[in-house]
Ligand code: NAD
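Next up: just one chain, as structure tokens, the form predicted on its own.
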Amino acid sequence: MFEVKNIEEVNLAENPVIAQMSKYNHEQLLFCNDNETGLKAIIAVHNTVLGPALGGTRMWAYNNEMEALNDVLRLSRGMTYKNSISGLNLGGGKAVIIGDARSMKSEALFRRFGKFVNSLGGKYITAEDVGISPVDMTWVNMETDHVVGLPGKSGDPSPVTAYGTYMGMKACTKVQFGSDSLTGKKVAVQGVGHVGEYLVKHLVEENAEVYVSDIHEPTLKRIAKDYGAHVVGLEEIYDVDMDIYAPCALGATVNDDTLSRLKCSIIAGAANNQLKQEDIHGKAVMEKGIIYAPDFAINAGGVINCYSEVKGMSLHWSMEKAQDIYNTIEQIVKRSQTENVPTYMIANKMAEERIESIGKVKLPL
């Protein structure tokens, strides 16, 4: 017979999943498996104080399940902070599907995933993320209404994400150089997928000198041809003589190795979880005199776009809201300099202050 232990007697070492949930203070995890379709997924609901947890679904060929778990926990926590600091009435959640997005997609897999999303009864709203397209979301939508980013509605959030990132980059440039002009600035964009390409377009239109790197060679060649960007290798990107490093692929690229090599004064990109270890690398960035735009604050354009679909707002509203990221990033950076603490801590504090404040409003009378 299963014995329920008292909370004081539970050894977290015996429950590594619960231990990780406790570390980030998550509300709920849903593990999804379906042998018929090959679906293996994890849905993480971090916090729902401000509203239902909204965050995209990522499809990635993780090395193992613990790697996927760590990613979904960090990403969902980031969504809570992102939604809060953006002034949205949404909580934070995220989902990951373990698998190769180039070979494993099928209607059946995504519809089965949609059933799992639906089982949460609206507590989690999904959308597209890395490896997922708006068309994939239409399959999910066949089994649940709790999905946004659909074709014909708000659609692909990438243009709004890129625009917000671009505005946040300009805010950092204003603080660091005294002007927000990017003309003549050397910007290294790591990852030129949907968001990265739109960002490159904004940069080139402002006459920045752009360097690009990506794992997909055909995409790199096209970007170089279409925008006149300089192509560099996957590892060479960290050694480019640049003013701004813009990570727009996977996270943890700001780490012990890269910080000893990066020749930039600003880190401002669209990737999530850019700091490998917040407490270590957030402080190290500040000590090197580099302005770091906290990822969940600068890349919030995508979730703003999704929120517009939830609330029936227009694309014009989304773009105007994304433009406000300029002011948010400028406030974070200036407050960081005044208080002499890393920017990620300031951004976390601002997000937490709103959650705490609205949490009091929602207390029963």
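It should be emphasised that the depicted structure is a prediction, and the values quoted were computed from it without experimental measurement. Take the two forms, superpose them, and find the largest set of C-alpha atoms that agree within 1.5 Å; that set is the rigid core. Residue positions are given as counts along the sequence shown, with the first one as 1.
The following text describes the form predicted together with nicotinamide-adenine-dinucleotide (NAD), which does not appear among the structures shown.
Asks: Looking at Thr126, Thr161, Ser76, Asn83, which has any heavy atom no more than 4.5 Å from nicotinamide-adenine-dinucleotide (NAD) in the model of the complex?
Replies: Residue within 4.5 Å of the partner: Thr161.
Asks: Using heavy atoms only and a 4.5 Å cut-off, determine which of Gly91, Gly149, Gly191, Gly168 is in contact with nicotinamide-adenine-dinucleotide (NAD) in the model of the complex.
Replies: Only one listed residue qualifies here, and that residue is Gly191.
Asks: Can you check whether Leu234 is within 4.5 Å of nicotinamide-adenine-dinucleotide (NAD) in the model of the complex, heavy atom basis?
Replies: Within the cut-off, so yes.
Asks: Does any part of Asp214 reach within 4.5 Å of nicotinamide-adenine-dinucleotide (NAD) in the model of the complex? Heavy atoms only, please.
Replies: Flag for Asp214 set to yes.
Asks: Flag Ile98 as yes or no: does it have a non-hydrogen atom within 4.5 angstroms of any non-hydrogen atom of nicotinamide-adenine-dinucleotide (NAD) in the model of the complex?
Replies: Contact check for Ile98: no, nothing within 4.5 Å of nicotinamide-adenine-dinucleotide (NAD) in the model of the complex.
Asks: In the model of the complex, is there a heavy atom of nicotinamide-adenine-dinucleotide (NAD) that lies within 4.5 Å of any heavy atom of Ala108, even though the partner is absent here?
Replies: No, Ala108 stays farther than 4.5 Å from nicotinamide-adenine-dinucleotide (NAD) in the model of the complex.
Asks: Please name which of the stretches 168-176, 254-262, 110-118, 195-203 has residues with heavy atoms lying within 4.5 Å of nicotinamide-adenine-dinucleotide (NAD) in the model of the complex.
Replies: Heavy atoms within 4.5 Å of nicotinamide-adenine-dinucleotide (NAD) in the model of the complex occur in 195-203.
Asks: In sequence order, which positions of 248-270 have a non-hydrogen atom within 4.5 Å of nicotinamide-adenine-dinucleotide (NAD) in the model of the complex?
Replies: Sequence-ordered list: Cys248, Ala249, Leu250, Ala270.
Asks: Rigid core fitted, is the C-alpha displacement of Cys264 between the shown form and the other one 2 Å or more?
Replies: No, shifts by less than 2 Å.
Asks: Superposing on the rigid core, I want to see if Asp295 changes position between the shown form and the other one - specifically a Cα shift of 2 Å or more.
Replies: No: Asp295 shifts by under 2 Å between the shown form and the other one.
Asks: Met242: after superposing the rigid core, is there a C-alpha shift of 2 Å or more between the shown form and the other one?
Replies: No, its C-alpha moves less than 2 Å.
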